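Below, in structure tokens: the form predicted alone, a single chain.
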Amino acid sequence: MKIMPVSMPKDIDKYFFNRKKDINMINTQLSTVKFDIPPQLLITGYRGVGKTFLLRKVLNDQNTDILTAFIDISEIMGRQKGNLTEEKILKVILSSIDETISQNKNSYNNWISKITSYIKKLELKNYDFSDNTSVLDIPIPVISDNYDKLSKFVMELPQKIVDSSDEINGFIIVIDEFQLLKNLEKPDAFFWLMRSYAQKQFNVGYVFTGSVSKTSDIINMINGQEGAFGGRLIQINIEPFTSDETKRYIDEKSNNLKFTEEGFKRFYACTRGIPLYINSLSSVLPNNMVCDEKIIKETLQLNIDQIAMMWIYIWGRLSQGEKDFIIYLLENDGASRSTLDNELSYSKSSITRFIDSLSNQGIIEFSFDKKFVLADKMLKLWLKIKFETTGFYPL
């Protein structure tokens, strides 16, 4: 039985499809880490388009002389109940680095002696070993008043690992859902911290990835002309599958799912070639009959919560003001900033805050006709169907 997963599978190669152009583009950039040219990338794209899946594939396929670490900021946010701090991020980066080097048995013993010596030279204040964070089984204390030394240790460690081994030529670090760093008290300062070390390291590459609007302020904060990386990040946008790619994907990965010509047009219009939606909708469609427009429409109506599961989670995290903002855009098919200021019962500063937050989460975007609009049609469809069936929008 063929399965089209809606979550990250253990066997990535088994479920991976296409993306050869994107893989080649990313690998071309990452390959420079071997030649003392540190790659710095910014990977963007719609929610569910497969950025994380793609990068997991890229990291898994790296040669053994390239170490890799994957840090998911959304996971940290969840564990910390939204209370994100620079110290916690650094500790997770440290843990991820430790997990990576512990898997490389050939150089493990060599690293132990060299990194142990480096750690022991640290002069950290206010030791508190209750956090259980360690590197090579050496506990790293919670530092309550020496952020400078903690950040220096963590940010310099990847290059020191490369320098300590003749078998390792580079270290690639992926920061997934980087837009959530906006929740830090001073996110711009953290980006500048990363940049200050990245520019001094020749064999460490950073890849930032997230579901974020191209017009969001977090993009300018990290890669704008006055941002931390000042346009130095190579920006790559991961596009949804084309109609033809979607057909081939379904033919290869589904359980003999069939469509009429009009049925497939409706299917593609609903999913827009975004793999998460393709997989979600395919999993609830009947594979023992040819699906027409009517079947697609009825299946969506009956299973919208399962198909739009991602939005149920995101909606629950939004403030009431953000929800009101989204509903206004939905009911009015977008709105200009002046219209929002005049029509919404919120202050201008609150509206600015909503715009920044929702843009940074990739939920809204600024259209070519100078209106703020919802960026995802599945979110629109979910809200409309919930309103039609219950008489009110989700709480």
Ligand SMILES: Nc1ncnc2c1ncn2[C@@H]1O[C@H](COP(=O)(O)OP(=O)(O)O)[C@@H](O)[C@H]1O
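Given the structure is predicted, the values throughout are model-derived calculations rather than measurements. All residue numbers are counted from 1 along the displayed sequence.
FYI, the form predicted together with this ligand isn't displayed, but the following is about it.
The single contact residue among 213, 179, 271, 279, judged by any heavy atom lying within 4.5 Å of this ligand in the model of the complex, is 279. Residue 241 is the only one of 241, 191, 311, 206 with a heavy atom lying within 4.5 Å of this ligand in the model of the complex. Residue 29 falls outside the set of residues with a heavy atom inside 4.5 Å of this ligand in the model of the complex. Contact annotation: residue 50 falls within 4.5 Å of this ligand in the model of the complex, judged by heavy atom distances. The shortest heavy atom separation between residue 264 and this ligand in the model of the complex exceeds 4.5 Å. Contact annotation: residue 371 falls outside 4.5 Å of this ligand in the model of the complex, judged by heavy atom distances. Using a 4.5 Å cut-off on any heavy atom, the residues of 2-22 that reach this ligand in the model of the complex are, in sequence order, 5, 6, 7, 8, 15, 16, 17, 19.
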